[in-house]
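Have a look below at one chain only, the form predicted on its own, in structure tokens format.
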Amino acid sequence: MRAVIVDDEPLAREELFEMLQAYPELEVVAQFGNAIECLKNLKQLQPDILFLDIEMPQVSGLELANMLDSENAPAIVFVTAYDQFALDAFEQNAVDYLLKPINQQRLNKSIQRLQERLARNDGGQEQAQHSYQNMLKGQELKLIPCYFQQRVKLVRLEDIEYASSDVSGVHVTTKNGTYHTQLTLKVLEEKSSLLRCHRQHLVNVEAISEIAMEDNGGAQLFTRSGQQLPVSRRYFKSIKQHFGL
């Protein structure tokens, strides 16, 4: 099992790393001090498990989990110092978690659960994903991590005019520029108010300034900053419904 540890506390990361050395079937392939760096490298690493701290600055562990595509996400074990009230929420949603300071006996139980889930192949992993996806249901993304050169920009959802995909990945466009993100269009569509207007495009309806109808049943959208976006016939209905056209 390939595992990744994400925790902003170096001592906590090292402690968990040392404890996980007791399991020869598990390999820690990377450690990260924040959710943004983890998200940037997750596709390349392809881990089976994320040990994910919940309380982290900028993007929390729960927010990172909410950014993952449910069809390809690894199993997640939340690591938390939360109180009993929060732990009850995890229990109710069958979400696996470790309470800080981590107890070796409890870690044994968690590793055993992971082995059983992953041994059931896709069905088990789907169940693991489903559990925390249920807990995150209805939680809209607020910040979209975007990458350019050696920098990370956290773009506020309300600043996005549209999101697009091409052969190089997914990009979000604001009035100030276009930025690359590791999030998929599917995740952006499911976890935000962005509306699909084309197979390759989502649009922020609040950013639409003009709709130009076309004879073929489609349309062209113009945004507040003058960007132009195609609307296919398949998705034009939802745009018209939004504006009562």
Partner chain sequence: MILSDFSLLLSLAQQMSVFLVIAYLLSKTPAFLPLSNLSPRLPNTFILYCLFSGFCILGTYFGLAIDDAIANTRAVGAVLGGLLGGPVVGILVGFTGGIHRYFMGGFTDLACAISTTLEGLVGGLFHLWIRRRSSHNEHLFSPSIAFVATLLAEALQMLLILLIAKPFEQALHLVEVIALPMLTANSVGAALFMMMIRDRRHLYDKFTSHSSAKALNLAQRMVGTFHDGFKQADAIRIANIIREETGVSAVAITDTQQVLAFTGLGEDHHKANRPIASKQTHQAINENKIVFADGVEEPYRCSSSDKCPLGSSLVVPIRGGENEVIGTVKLYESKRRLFLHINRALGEGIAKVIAEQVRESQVQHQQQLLTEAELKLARAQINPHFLFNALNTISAVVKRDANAARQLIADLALFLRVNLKRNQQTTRLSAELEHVNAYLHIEQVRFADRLVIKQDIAEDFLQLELPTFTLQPLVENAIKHGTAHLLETGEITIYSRVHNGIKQLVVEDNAGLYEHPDQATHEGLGMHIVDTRLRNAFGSHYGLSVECQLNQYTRVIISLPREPKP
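Keep in mind that this is a model prediction, so the values were computed, not measured. Numbering follows the first chain given and starts at 1.
Same protein, other form: the form predicted together with the partner chain, not shown, and the subject of what follows.
Going by heavy atom distances of 4.5 angstroms or less, which of 106, 113, 100, 120 would be at the interface with the partner chain in the predicted complex?
If I apply the 4.5 Å criterion carefully, the residue I get is 100.
If you check 192, 182, 31, 34 against the partner chain in the predicted complex, which one has a heavy atom within 4.5 Å?
By the 4.5 Å criterion, the partner-contacting residue is 34.
Interface stretch in the predicted complex with the partner chain - options 7-15, 233-241, 20-28, 217-225, non-hydrogen atom within 4.5 Å
Contact criterion met by 7-15 only.
Do all of 148, 161 and 178 end up near the partner chain in the predicted complex, with near meaning a heavy atom within 4.5 Å?
Result no, not one residue of the spot touches the partner chain.
Residue-level contact is defined here as any heavy atom of the residue lying within 4.5 Å of the partner chain in the predicted complex; does residue 48 satisfy this criterion?
No.
Contact between residue 58 and the partner chain in the predicted complex at 4.5 Å, heavy atoms?
It does: once the partner chain is placed as it appears in the predicted complex, residue 58 has a heavy atom within 4.5 Å of it.
Is residue 143 part of the interface with the partner chain in the predicted complex - any heavy atom within 4.5 Å?
No.
Residue 81 versus the partner chain, in the predicted complex: is there a non-hydrogen atom within 4.5 Å?
Residue 81: yes, in contact with the partner chain in the predicted complex.
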